[in-house]
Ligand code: ATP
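So this first bit is one chain, no partners, the form predicted alone, shown in structure tokens.
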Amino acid sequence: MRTGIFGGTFNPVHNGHLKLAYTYLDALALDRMLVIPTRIPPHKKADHLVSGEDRLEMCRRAFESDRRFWVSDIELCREGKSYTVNTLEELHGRFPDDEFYLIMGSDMFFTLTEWFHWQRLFELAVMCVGEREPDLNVRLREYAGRLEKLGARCRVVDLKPVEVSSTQVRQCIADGKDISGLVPPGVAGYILEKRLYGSKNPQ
């Protein structure tokens, strides 16, 4: 089975995440996609991070209509920072017959050789990245060639620009603006219900 791994803080998950997930699902001909909220991201500072339980539930609500998406708490259940190599080792133990496709942004792709146990990472999954800026495609493909000489398997996928970010969603909430066009309905309802990111129930 061809299994994608789509990880992130998802703080919160939004329509841009869904657009990316479906693009990769189709471009890589995946059988399923594991959506994995990160416990503590090792590569970046996560501001205004709500609980893992809340982020997991928002992901479940975002992807619940499509059985090809499996939302996993594999990293939330592990103490400490969420190193990708540990997640992949555990997934190989659970699904030994699967071929894994690790999806990441271009900023992460360009720093892969700085990741924890990156050589082992290349053995465990295909490295997948997308072009989200017009002038980035050549750089990505050139760098993919360098990584392949180090033993990686790489796939560069063409992506259309994503017009929404988690930071934008949180700012809209802080400003009291409507987020119904930025996140799936179930996520918007959950944020309001739990009063996440300073949201308030309407009077």
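Residue indices: 1-based, along the sequence shown. Predicted model only: the values in this text are computed from it and were never measured.
Note that the form predicted in complex with the named molecule isn't included here; everything after this is about it.
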Is the named molecule in the model of the complex close enough to H14, H17 and L159 that every residue in that trio has a heavy atom within 4.5 angstroms of it?
yes
So in the model of the complex, is the named molecule close enough to Y190 to count as touching (4.5 Å, heavy atoms)?
no
Residue-level contact is defined here as any heavy atom of the residue lying within 4.5 Å of the named molecule in the model of the complex; does N137 satisfy this criterion?
no
Within 4.5 Å, heavy atoms only: does R170 come near the named molecule in the model of the complex?
yes
Would you check, heavy atoms only and a 4.5 Å threshold, whether L28 touches the named molecule in the model of the complex?
no
The listed residue (M104, L112, L91, L121) that reaches within 4.5 Å of the named molecule in the model of the complex by any heavy atom is M104
Among 174-182, 161-169, 146-154, 65-73, which stretch sits within 4.5 Å of the named molecule in the model of the complex, heavy atoms only?
161-169
Residues in 1-16 with any heavy atom within 4.5 Å of the named molecule in the model of the complex:
F6, G7, G8, T9, F10, H14, G16
